[in-house]
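In the form predicted alone, a lone chain appears below as structure tokens.
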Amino acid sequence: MSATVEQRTGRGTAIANWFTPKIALARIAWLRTVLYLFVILDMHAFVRDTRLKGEHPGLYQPLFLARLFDLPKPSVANTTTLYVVLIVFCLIGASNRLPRLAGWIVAPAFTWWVLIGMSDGKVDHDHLALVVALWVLPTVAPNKARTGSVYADQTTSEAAGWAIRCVQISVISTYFLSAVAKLRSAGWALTWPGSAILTWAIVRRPHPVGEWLLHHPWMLHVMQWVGFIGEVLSPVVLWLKGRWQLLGALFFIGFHVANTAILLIHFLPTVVCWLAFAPLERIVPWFRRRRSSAGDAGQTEDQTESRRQTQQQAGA
């Protein structure tokens, strides 16, 4: 009986450790800077019609979350306020100043921004990981005892690990749930990979690379199968480590590069969240080591040159 309890306790501890790995706070600092700046880009390049919908509230069809929380209809006043609030606090958050205050303002504000922007019947699932990331980043408290740059803070934290894991799971869920949606839409039949969906997409969004592929339909079917299998197996990436995880990330980034080349579909909000898998906390130490090595090499050269000149003077 005690052995069984110990086994269950051990499994519970292993699961808890997986969900809350100790990760350096520097990775959170880098993510704050990159993601908050990306939100500003997103507001102007991708979900950019939120303010326009404030000018035409009669066309607004609230999504489930907007109905659940009874959010007001978009108007010029509230969409303009959202815009200003997001710009100001994204810049504050990106600087890693007042990160929790900025984060708890940006997360609901951008969620509302996206809910308004996608209230026309088309919900882009490429924003799933980005929205989740904005909600979990403020849960990580800054290190008040830190000295030096936040981007070099190697203090490990389970809270940071939990936030990173949430972002990672959201990234992978984007792909896995996409595969589930493909099966569900076909009545849980495996017909999507062998269909002509890419052909239809290329005809709908013509592009030179895609138009060339229309003459090679077998390649389109191979790409559909590779993409679908990759989506089904995407959860495996969560348990890979080191170079294997890097290869998994490169596969999906290559998947998006191919989509961009063929269909001009970019998925950048998801791609930028792949940074949660990257050891960003190593960037500053790596640069410091390089600079130190370069300084040592320069000092050695100076000493060698000084000795050479001394020998020449002695010989003279």
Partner chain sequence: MAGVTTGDVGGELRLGRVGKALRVVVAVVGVVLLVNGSVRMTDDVWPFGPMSQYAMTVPDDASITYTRIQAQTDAGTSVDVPLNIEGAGVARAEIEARTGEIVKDPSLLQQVADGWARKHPDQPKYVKLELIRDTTQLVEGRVEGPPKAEVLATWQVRR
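Note that the structure is a prediction, hence the values are computed from the model and not measured. Numbering follows the first chain given and starts at 1.
The same protein also has a form predicted in complex with the partner chain, omitted here; what follows describes it.
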If you check I40, L65, I253, L247 against the partner chain in the predicted complex, which one has a heavy atom within 4.5 Å? L65
Could you spot which one of Q168, T139, N78, S95 gets a heavy atom to within 4.5 Å of the partner chain in the predicted complex? T139
4.5 Å heavy atom contact, I265 to the partner chain in the predicted complex: yes
Would R290 show up as a contact with the partner chain in the predicted complex if we use heavy atoms at 4.5 Å? no
The partner chain contact at R243 in the predicted complex, heavy atom, 4.5 Å: no
Does any heavy atom of W192 come within 4.5 Å of a heavy atom of the partner chain in the predicted complex? yes
Of the residues spanning 137-162, the ones with some heavy atom within 4.5 Å of the partner chain in the predicted complex are T139, N143, A145, R146, T147, G148, S149, A152, D153, Q154, T155, T156, S157, E158, A159, W162
